[in-house]
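Given as structure tokens, the chain that follows is alone and in the form predicted alone.
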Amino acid sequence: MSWINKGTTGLILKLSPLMLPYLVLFCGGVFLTVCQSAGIFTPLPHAGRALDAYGLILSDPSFFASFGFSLGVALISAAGSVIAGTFLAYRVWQLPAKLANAALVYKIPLILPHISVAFVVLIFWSQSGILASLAHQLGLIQAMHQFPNVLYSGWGLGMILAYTLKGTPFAMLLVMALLVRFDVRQIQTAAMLGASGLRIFFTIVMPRLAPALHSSFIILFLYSFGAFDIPFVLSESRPGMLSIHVYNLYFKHDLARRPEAMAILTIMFCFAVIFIIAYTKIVTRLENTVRKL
């Protein structure tokens, strides 16, 4: 028992350079956010009760509109990124070695900041952008303002495009990490027995890619749900993303409303934790059910 304690203590000491910044920055930030949402450690003295900020937020219809809008954008963009990334990774994996090396250009969006991707989408898809100009030059539209208002149509399509463009190579990277260890003889055997390409993909390949698919979906969904950079450039004015709502409360209103901004952040953090737990349990239950069948 003493050996285990010594080993555990030694491991903690070795990990302390990594754990200390995490504890100070992340845990300290979460603690301060929760405290300020309750009116503690706020810039101005909080005269009300501890949960007044939550009452104001949960009684505001605009909060639920922003929450639903953020949820929709995150779900669609994360699902689109995982689907596109899985399909493209599988196709790249099937290419000959020379072409597969050339296909590594898919990693370029990974090194671009999210805000750069937002500007790329803005440059291409805005009514004064490259596609509008091209359509005008080809005579498809009489004036550039006749180009469809894709980015600010009220559906969050600009943000979905940007998140999908950024998230697809990330999903490809995780999927490729599993595909390179995949035994191609299983596919060859199934093909020899008469299985179609779709059946091979869904019955042999997909189950082995499941860990990467679930991990990439959770990461991309939670990032899209709470990120600020892309919505700052491409967000709709109404209802808008929750991150923009928090930004406006934090920077563009009186300091007395600081607890409301922190209450939204706390709700978002709790939602993220609940989502991860629920998603993991649902996936585990479905996988166990499939194994029994």
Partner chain sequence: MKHFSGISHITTLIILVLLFALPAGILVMVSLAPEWRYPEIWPAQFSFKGIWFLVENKRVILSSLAASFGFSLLTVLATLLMCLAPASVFARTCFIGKPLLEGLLLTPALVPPMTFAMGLHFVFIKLSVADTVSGVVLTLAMFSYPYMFRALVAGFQTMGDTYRTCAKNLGAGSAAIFWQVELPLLMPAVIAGGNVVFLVAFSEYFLVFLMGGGNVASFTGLLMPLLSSSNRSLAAVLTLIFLLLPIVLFVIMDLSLMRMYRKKGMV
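These numbers come from a predicted model, not from an experiment. Take the two forms, find the largest set of C-alpha atoms that superpose within 1.5 Å, and that set is the rigid core. Numbering follows the first chain given and starts at 1.
There is another form of the same protein, the form predicted together with the partner chain; it is not shown, and what comes next is about it.
- Taking the partner from elsewhere, no residue among 64, 86 and 203 has a non-hydrogen atom within 4.5 angstroms of the partner chain in the predicted complex.
- In the predicted complex, the partner chain lies farther than 4.5 Å from every heavy atom of residue 70.
- Contact check for residue 208: every heavy atom lies farther than 4.5 Å from the partner chain in the predicted complex.
- In the predicted complex, the partner chain stays beyond 4.5 Å of every heavy atom belonging to residue 156.
- At a distance threshold of 4.5 angstroms between non-hydrogen atoms, residue 149 is out of contact with the partner chain in the predicted complex.
- Along 179-210, residues 187, 197 each place a heavy atom within 4.5 Å of the partner chain in the predicted complex.
- Remark: with the core as the superposition reference, the CA shift of residue 19 between this form and the one not shown reaches 2 Å or more.
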